[in-house]
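Starting off, we have a lone chain in the form predicted on its own, written out as structure tokens.
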């Protein structure tokens, strides 16, 4: 007796799926009219978020961040460099965002994704403008040696809100960072020491001239949080999926610091200007999201 009902349910499911593929915008607008999204979320709710630290053993700091299906792996490698003459007492941070073909069907092998350099630049701007890291803390010997931090972020699954997940993974990776031990070798050069207390290139070390004798954490002064929203007609959708981004093209990303001050505001897509009421709504959603992320990072002892 249950077979006809099962067949009818399957038929209905296939019809819904076909309608979704053929008329994606109409499909979504039917849900939006009921203040609900196809995945069951309210319009202003972000997806489930998880962060795991220290997954890359070869890195000095690393983190895996997941927002829904969107997944980012961040790894930091520290190297000793000669500081610039303009900033002799400061180190430097270089950010690179990668989108390998595994992350999305739209990324083709051998062709870099168009979004990658854009997100790299935005991440670098936000990290520097919010003063999350005191670059003077990366100085070893004024004018002679400082730390160069290479932050590489790999997108493993690109299911929307890539910048938000990338920034979260970067913050978590810096919180996990352990500044390596360095010392002055007999040639007068500052070199990193491996876990056994030996110089990585096996040259001799003058122990009495050690620059720092143990690994140390980096102080994060001002942690940035971000939220991307889609603006469509009278609706505002927080933390969009890749499908939502492909259908509704006006994206707004708000970046706030630890004290809820706006650090960065970015709009992409859409020809119309964003009204002040929409901006205020996006900022309020970002502040609410910032509290959620602070809770997640706070549970991991990330200040």
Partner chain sequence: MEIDREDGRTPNQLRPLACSRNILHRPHGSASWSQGDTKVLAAVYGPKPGTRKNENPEKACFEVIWKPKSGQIGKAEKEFEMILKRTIQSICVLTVNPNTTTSVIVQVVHDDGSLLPCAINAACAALVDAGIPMKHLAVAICCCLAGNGYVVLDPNKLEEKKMTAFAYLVFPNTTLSVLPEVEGEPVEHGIITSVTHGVMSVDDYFLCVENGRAATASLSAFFRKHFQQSQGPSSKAG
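Here the structure is a predicted model, which is why all the values come from computation and not from measurement. Residue numbers count along the first chain shown, from 1.
We do not show the form predicted in complex with its partner chain, though everything after this point is about it.
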Wondering, does residue 121 line up within 4.5 Å of its partner chain in the predicted complex on heavy atoms? yes
Its partner chain contact at residue 244 in the predicted complex, heavy atom, 4.5 Å: no
Taking heavy atoms and a 4.5 Å cut-off, does residue 137 contact its partner chain in the predicted complex? no
Using a 4.5 angstroms cut-off on non-hydrogen atoms, would residue 29 count as touching its partner chain in the predicted complex? no
Just to confirm the contact call: exactly one of 141-149, 76-84, 172-180, 103-111 touches its partner chain in the predicted complex at a 4.5 Å heavy atom cutoff, so which is it? 103-111
Candidate spot 130, 260 and 278, all three in 4.5 Å heavy atom range of its partner chain in the predicted complex? yes
Using a 4.5 Å heavy atom cut-off, which residue among 69, 35, 50, 268 comes into contact with its partner chain in the predicted complex? 268
For a quick check, can you give me the residues of 84-107 that have a heavy atom within 4.5 Å of its partner chain in the predicted complex? 95, 96, 106
